[in-house]
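A single chain, nothing else alongside it, follows as structure tokens in the form predicted alone.
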């Protein structure tokens, strides 16, 4: 693992688990979804990420400081969750560190949760969920659970690098991406992605509360959405899903 980013384990972590990743991106889809998942499943903090590349902040919970990027878990499931926008120059080192740590833990499957911005989002009542995979055989997971496959395009951001690094390391990985707003937190898109995730994981995730508290979540997430937008601009996020030049 690179010297710039360290995963610090607070307790022994069993190998062979599924890892779900939610880092700030368009619509904060992954962040909202993983926060809700951690809360609903009662997951505990088992590790955190330490790096001088991350913003110089401490997240306070119960009066005690925590890293903005933490790993929660229980038997069989680990969730990587960030409460701060990831600086553009930290995306590659952080993504590689996550993949290398997952490989060291013999992760069964890595699932990144993200959003895909659509201009007519306000007219879409139930956002659709699409996906991509690191390996041909992992695409079967998407097909089995009726997730539309992103056949072509350009992906941008940490989940794009996680998928690429997993492909290089032959690690099974998926990206689930829901139709969302570009610059507004989108809890409804997070609920749509959690519905697909629950089927893939074989667990029940009731998203009724997430939808009911949508407006409250949007207000709480305004600041991190604003900071995330600034970093997305540096990553040229607007290029996402452009048609690639060569086949």
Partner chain sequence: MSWYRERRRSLLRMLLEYVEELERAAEEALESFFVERPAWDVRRSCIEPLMDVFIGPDEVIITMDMPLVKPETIRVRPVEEGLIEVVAEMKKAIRPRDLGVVHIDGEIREMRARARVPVPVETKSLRFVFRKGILEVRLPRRRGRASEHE
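Numbering follows the first chain given and starts at 1. Keep in mind it's a predicted model, so treat the numbers as computed, not measured.
Not pictured, yet referred to below: the form predicted together with the partner chain.
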query: Options 73 to 81, 138 to 146, 119 to 127, 103 to 111; stretch whose heavy atom lies within 4.5 Å of the partner chain in the predicted bound form; finding: 119 to 127
query: Interface residue in the predicted bound form among 52, 204, 208, 216, criterion: non-hydrogen atom within 4.5 angstroms of the partner chain; finding: 216
query: Partner proximity in the predicted bound form: residue 223 to the partner chain, non-hydrogen atom cutoff 4.5 Å; finding: yes
query: Contact flag, residue 181 vs the partner chain in the predicted bound form, heavy atom cut 4.5 Å; finding: yes
